[in-house]
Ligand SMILES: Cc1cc2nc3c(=O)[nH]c(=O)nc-3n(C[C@H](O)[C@H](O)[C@H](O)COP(=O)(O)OP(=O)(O)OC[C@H]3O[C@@H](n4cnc5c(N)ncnc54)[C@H](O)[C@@H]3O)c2cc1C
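The form predicted alone is given below as one chain in C-alpha cells.
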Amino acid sequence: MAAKGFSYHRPTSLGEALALLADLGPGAVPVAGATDVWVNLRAGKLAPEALVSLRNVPELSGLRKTEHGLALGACVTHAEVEDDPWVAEHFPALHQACSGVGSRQVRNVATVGGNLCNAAPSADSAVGLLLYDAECRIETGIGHRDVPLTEFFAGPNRTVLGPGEVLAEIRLPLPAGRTFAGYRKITRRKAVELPMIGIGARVTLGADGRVAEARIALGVAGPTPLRVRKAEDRLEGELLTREAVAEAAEIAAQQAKVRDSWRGEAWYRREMIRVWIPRILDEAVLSRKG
C-alpha cells in the first residue's frame, strides 16, 4: 500500500515486523501511535520510504504485573498506564507522568515506547521511568539485548536502536516498601502542553529512617531526559530532612543544563527545580501516610 511517496505495512507478529524492517532497509520507520510521526511528516521533517505499523503486534502490547515488578509492552498507551490503579499505587510518578501527556485523545493512541523512541528531551514518561530504574528490552532480529534506560538515549531525538531493531518492552523493578515518589510537569498553560521543565523525585527509606535509595530525574534540562546523580548522592544515607532535600534540589538546579527558550528562561527553570523537588517529596510522603 503506497501513499504520499511511502509504503505502509501492518505486520501481525514481532518476527514479521523485524523481517520487514530488515528487508525494507534504513528508509523504513517503525510506528505505533504515530502521534509524533504524523506531525513530522506534515512538517516535512520526516521523509520515510516505508512505515511499518507495530500496532497489531501482540508481543508489544500488554501491561503485566510480574513477581519482580512491572513489564510494559512498547505499544502500551499512556491511557492504559493512566487507567491502571495498581500502577498508580506502586509507581505513582510514572502514573502522573503518563497522565499528563497531551490530551486524553492523544493518550489513547500515543505509546510509552514511542515516547521513548522519539527521544525528545521533554518526554514526560521518560522522566517517570528513569525514577524507577527502567530497563529496555530491544529485539534485534537475531536475539535481544537489555539496555538500562539511562543508556538508551544517544542525544536529542536519537537512541541506541540500530537499523532494524525494535524496542519491545520496558521493565521496572517493584519498589521496596517505604518508597515515596512523584512527578510534576511545569507548563505555561494547564492542558495539552509540552513541559517547560519536568521534575521527578523518588526516595526509599530504610528501617532507620535514612534514605536508602534516591532518584532525581529531569526533562527539558539537557539534550535528553536525565538523572541527576550528584543530587541523589546528597540524599542517600541521610535522614530525609528539609535541609537535605533543599540541598539536593539546589544541586539538581545547578547540574541541570537548562537554556532560554520561548517556553521559559533558564533562571526560571532552575528555580522550579529548587521549588518542586521539596514539594514533590513532601506531597508523596504525606499522601502515603494518609
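Counting begins at 1, following the sequence as shown. This one's a predicted model, so the numbers in the text were calculated from it and none came from an experiment.
Below, we turn to the form predicted in complex with this ligand, even though it does not appear here.
The listed set Ser61, Thr224, Thr35, Gln255 contains one residue whose heavy atoms approach this ligand in the predicted bound form to within 4.5 Å, identified as Thr35. When you look in the predicted bound form, the only residue of Gly206, Pro173, Gly102, Gly141 with a non-hydrogen atom within 4.5 Å of this ligand is Gly102. Heavy atoms of no residue among Thr179, Leu240 and Glu250 are located within 4.5 Å of this ligand in the predicted bound form. Stretch 109-117 is the contacting one of 210-218, 197-205, 109-117, 83-91, since its residues have non-hydrogen atoms within 4.5 Å of this ligand in the predicted bound form. With a 4.5 Å cutoff on heavy atoms, Ser122 counts as touching this ligand in the predicted bound form. When contacts are judged by a 4.5 Å heavy atom cut-off, Leu70 does not count as touching this ligand in the predicted bound form. A residue is said to contact a partner when one of its heavy atoms sits within 4.5 Å of a partner heavy atom; Val39 meets this definition for this ligand in the predicted bound form.
Taking the partner from elsewhere, Ala154 is found to have every heavy atom lying beyond 4.5 Å of this ligand in the predicted bound form.
Along 168-187, one residue reaches a heavy atom to within 4.5 Å of this ligand in the predicted bound form: Lys185.
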